[in-house]
Ligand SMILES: Nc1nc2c(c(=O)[nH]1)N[C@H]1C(S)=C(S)[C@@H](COP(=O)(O)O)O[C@H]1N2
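Given as structure tokens, the chain that follows is alone and in the form predicted alone.
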Amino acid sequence: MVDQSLFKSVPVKSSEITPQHLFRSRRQFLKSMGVLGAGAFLAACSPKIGSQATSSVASKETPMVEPESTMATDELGDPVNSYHEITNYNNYYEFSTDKREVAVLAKDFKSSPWEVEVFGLVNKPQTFGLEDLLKKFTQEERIYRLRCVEAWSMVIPWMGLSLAKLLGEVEPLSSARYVRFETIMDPEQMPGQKQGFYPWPYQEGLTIEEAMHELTILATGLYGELMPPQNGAPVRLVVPWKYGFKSIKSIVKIELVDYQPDTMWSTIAPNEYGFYANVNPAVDHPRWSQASERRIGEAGRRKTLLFNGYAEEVAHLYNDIDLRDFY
């Protein structure tokens, strides 16, 4: 008998479950990829999505999957961005500092085979192949807002797995206080890594409490597709209440440590990019205001929400922290 607990990782309302016809189409997609096991897609922490994704994993062409804006929204009612917007406006310095050329430069990036090593202060260090991540762990759909530190934003229908469940497999020691992440170092595939100014490979970090939070996921895809190269294939971190640079892409190492790890942007400019990097309209970047943001695809600007709108779920993590000093 299938363990029913595998079908739920965080509480969801009946109004937030993916509509049945979309669930079935995505379930069929996963079956065709050999991904679907005991788990199933849920719109955890997010409302329904109203576009039908199609598989084009074997193709190098970007599929043009467009949402029905009246049915594909986050929990605040904001429509998801189109597949074209999400996959053609990308910060990914490993390829280019030009957002609009990343998709072209990354189109031939080889993301399979792939392994993610999880080690450090754990009882059971393990290396997970991409197939392990897809088959062993329930793949869930999460519609999250993405807020860039540059003051633009999107709403993205991710799919992925709970980071907490992955870390549970390696049994963290009580001395583990932080989680360090590292991107692949591959200058031949990633021409941006040939630039000596940046301290490659890209590194990021979270506290153990942030890493174990139910909103934190390792994303393996979006719009029902496996993750496109320009968005961080094959697996990236997504922490929706933090600025986007915290959501490190193309992860190959996850290390549990007892010290606050160095991160790329806080190493380059610690006065501009703090370790925590929580979305906070009251704490400006030294060179621009964070009080408002530009939603890609919209005219004008909108107010920035504290913790990107996820304050109710995550504010308690920072009860003893001054968010101005620990930005």
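From 1 onward, residues are counted along the sequence shown. Just so we're clear, the structure is a prediction, and the values are computed from it rather than from any experiment.
Not on display, but discussed next: the form predicted together with this ligand.
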field: Contact segment among 86 to 94, 111 to 119, 208 to 216, 133 to 141, judged by heavy atoms lying within 4.5 Å of this ligand in the model of the complex
entry: 86 to 94
message: Is this ligand in the model of the complex close enough to L146, W158 and K249 that every residue in that trio has a heavy atom within 4.5 angstroms of it?
response: yes
message: Just checking whether F128 would be counted as a contact of this ligand in the model of the complex - the rule being heavy atoms within 4.5 angstroms.
response: no
field: this ligand contact in the model of the complex: G221, any heavy atom under 4.5 Å
entry: no
query: Is F181 close enough to touch this ligand in the model of the complex, meaning at least one heavy atom pair within 4.5 Å?
result: no
message: When the contact criterion is heavy atoms within 4.5 Å, does N81 count as touching this ligand in the model of the complex?
response: no
query: What residues in 214 to 241 sit within 4.5 Å of this ligand in the model of the complex, counting heavy atoms only?
result: Q230, N231, R236
